[in-house]
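First comes one chain, alone, set out as structure tokens in the form predicted alone.
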């Protein structure tokens, strides 16, 4: 069973624990600028929104890579970057419609979420409010379905 990250921005407090956990897991540092998940702050609205790679089925980044440095893990479904093959051309950063593949100048390579290799991702483990969870990939839209279903008119006008 493949799983994916489910993000509920309504539960995010902007504590940045997810960013620190990601940076620590992948780089051994609390430097959040190296994190593969980002928490965006919309100050005027008082909202914090965590955002990372959605692991698209038709991954444009993977198809755009001219040296096949982005691969799909058959077990987890995660698309990951093979650092030894990446030439830092940034074509994948242009191809990604969501901007979740990022070039890292310090390494000359790109990085993106790899779901921590299929274990419980560090960001989900570190999230104290449950804003980030690791769920069955087939059910990521279930809560949204429930929300829309709840908006149906239970007392329709007579036809």
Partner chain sequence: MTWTQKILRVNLTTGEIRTEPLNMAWAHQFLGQRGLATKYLVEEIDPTLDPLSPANKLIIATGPLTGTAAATGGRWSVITKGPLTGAIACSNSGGFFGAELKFAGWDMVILEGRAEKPVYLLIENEVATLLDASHLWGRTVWETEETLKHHHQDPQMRVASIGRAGENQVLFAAIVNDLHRAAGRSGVGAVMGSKNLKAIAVRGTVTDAYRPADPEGFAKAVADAKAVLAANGVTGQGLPTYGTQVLMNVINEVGALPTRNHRDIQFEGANAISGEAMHEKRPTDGKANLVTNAACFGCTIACGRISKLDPGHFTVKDKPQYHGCSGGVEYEAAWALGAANGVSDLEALTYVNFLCNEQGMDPITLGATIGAAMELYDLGILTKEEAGLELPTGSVEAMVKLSELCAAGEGFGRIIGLGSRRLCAKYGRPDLSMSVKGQEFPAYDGRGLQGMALEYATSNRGACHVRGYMVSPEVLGIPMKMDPCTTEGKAPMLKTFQDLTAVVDSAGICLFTTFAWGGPDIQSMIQPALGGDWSLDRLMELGERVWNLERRFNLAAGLTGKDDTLPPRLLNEPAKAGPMKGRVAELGKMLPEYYEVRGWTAEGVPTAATVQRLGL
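Residue numbers count along the first chain shown, from 1. Just so you know, these numbers come straight off a predicted model, no measurement behind them.
Omitted here: the form predicted together with its partner chain. The next part is about that form.
Undergrad: Can residue 43 be called a contact residue for its partner chain in the predicted bound form at 4.5 Å between heavy atoms?
TA: Yes, residue 43 sits close enough to its partner chain in the predicted bound form that at least one of its heavy atoms falls within 4.5 Å.
Undergrad: Decide whether residue 140 counts as a contact residue for its partner chain in the predicted bound form under a heavy atom distance cut-off of 4.5 Å.
TA: So residue 140 does not count as contacting its partner chain.
Undergrad: Any of the heavy atoms of residue 109 lying within 4.5 Å of its partner chain in the predicted bound form?
TA: Judged by the heavy-atom cut-off of 4.5 Å, residue 109 is well away from its partner chain in the predicted bound form.
Undergrad: If you check in the predicted bound form, is residue 99 within 4.5 Å of its partner chain, heavy atoms only?
TA: No - in the predicted bound form, heavy atoms of residue 99 and its partner chain never come within 4.5 Å of each other.
Undergrad: Out of the stretches listed (113-121, 86-94, 28-36, 50-58), which one is close to its partner chain in the predicted bound form, meaning heavy atoms within 4.5 Å?
TA: Only one stretch qualifies here: 28-36.
Undergrad: Does any residue in 10-31 get within 4.5 Å of its partner chain in the predicted bound form, counting heavy atoms only, and if so which ones?
TA: Sequence-ordered list: 13, 14, 15, 16, 17, 20, 27, 28, 29, 30, 31.
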